[in-house]
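Next comes just one chain, in structure tokens: the form predicted alone.
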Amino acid sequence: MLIENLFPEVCNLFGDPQNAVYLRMSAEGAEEIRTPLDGIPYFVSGRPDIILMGSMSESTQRRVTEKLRPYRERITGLIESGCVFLMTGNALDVFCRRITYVTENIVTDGLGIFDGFEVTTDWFKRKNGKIIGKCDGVTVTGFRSQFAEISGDNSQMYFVKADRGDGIRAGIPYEGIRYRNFIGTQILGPILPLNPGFTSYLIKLCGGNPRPAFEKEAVEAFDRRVEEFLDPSVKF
């Protein structure tokens, strides 16, 4: 199983880098390619089993968008052919049509791969919260801390339907964007170590053999988190 980790030296906020570490430890025979921002992505000429990209600053987000723009057609082709993508935090924003940075008074075009979605980022409107829901019957828990809000209808192409917590906007239960094997989620931090069941699901999606690292401890911690998140007294 071949993992391409895009721009890990700059897309590394909120503990997102641990997703690549845990994935590599949990998939039998996994290898990781770490593509730097000044490098040519492996996916341009090759086909990894999964492409990862994590959270980043707003200025880095604009650099990443311009870095990937020449490869838009190739990325679209990979998505359509079923290549697995996991974009966490604000990495998802890059694939939307437009990003408006309210605080900086900047508007930029995203890659437009998901043309029905736009992003508004406002540094004075941070949103924090938890979420618990299901992806293809697999329970997923997570945390969110973001300046960005995504507009658009993801009711037919969501990642997680929330049992508790908000989706892409307040009052909407549909979180993230899921199209074929592309998964983009505003959940940040180490979503894979926190969700060993979802890690196994993702590895199987890649055609790999899952062996979740520290499985006993990870499952015990996950079960406690689920119990906490389903407690009505816990605020979201």
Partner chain sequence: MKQAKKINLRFIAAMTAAKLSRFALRALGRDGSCTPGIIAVKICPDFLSRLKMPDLLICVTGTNGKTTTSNLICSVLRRAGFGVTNNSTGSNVEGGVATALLAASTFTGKPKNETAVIEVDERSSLRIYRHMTPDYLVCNNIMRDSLKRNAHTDFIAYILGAAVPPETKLILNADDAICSGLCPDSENRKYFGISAEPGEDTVLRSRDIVYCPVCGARLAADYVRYDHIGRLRCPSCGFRSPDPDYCVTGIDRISGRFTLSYGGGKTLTLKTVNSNIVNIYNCCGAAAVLLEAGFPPEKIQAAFESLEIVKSRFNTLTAGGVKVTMQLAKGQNPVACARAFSYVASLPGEDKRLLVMIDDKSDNTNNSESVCWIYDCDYSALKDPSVGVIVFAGKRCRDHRLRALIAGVDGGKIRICDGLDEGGKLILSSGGGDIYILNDPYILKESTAVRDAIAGRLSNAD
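Positions refer to the first chain, counted from 1. Model, not experiment: these values are computed from the prediction.
Just so you know, the form predicted together with its partner chain exists too; it's not on screen, but the next bit is about it.
Asker: Counting any heavy atom within 4.5 Å as contact, can you tell me which stretch out of 137 to 145, 74 to 82, 154 to 162, 108 to 116 lines its partner chain in the predicted bound form?
Answerer: Single hit among the candidates: 137 to 145.
Asker: May I ask you to state whether L68 is within 4.5 Å of its partner chain in the predicted bound form, using heavy atom distances?
Answerer: It does not: once its partner chain is placed as it appears in the predicted bound form, L68 has no heavy atom within 4.5 Å of it.
Asker: Taking the shortest heavy atom distance, is R63 within 4.5 Å of its partner chain in the predicted bound form?
Answerer: So R63 counts as contacting its partner chain.
Asker: Flag D38 as yes or no: does it have a non-hydrogen atom within 4.5 angstroms of any non-hydrogen atom of its partner chain in the predicted bound form?
Answerer: Yes - in the predicted bound form, heavy atoms of D38 and its partner chain come within 4.5 Å of each other.
Asker: G208: heavy atom within 4.5 Å of its partner chain in the predicted bound form?
Answerer: Because no heavy atom of G208 falls inside 4.5 Å of its partner chain in the predicted bound form, the answer is no.
Asker: Find the only residue in L194, I183, I168, A30 having a heavy atom within 4.5 Å of its partner chain in the predicted bound form.
Answerer: Of the candidates L194, I183, I168, A30, L194 is the one lying within 4.5 Å of its partner chain in the predicted bound form.
Asker: Can you name the residues of 207 to 236 that have a heavy atom within 4.5 Å of its partner chain in the predicted bound form?
Answerer: Contacts from 207 to 236: F214, E217, A218, E220, A221, R224, R225, E228, F229, S233, V234, K235.
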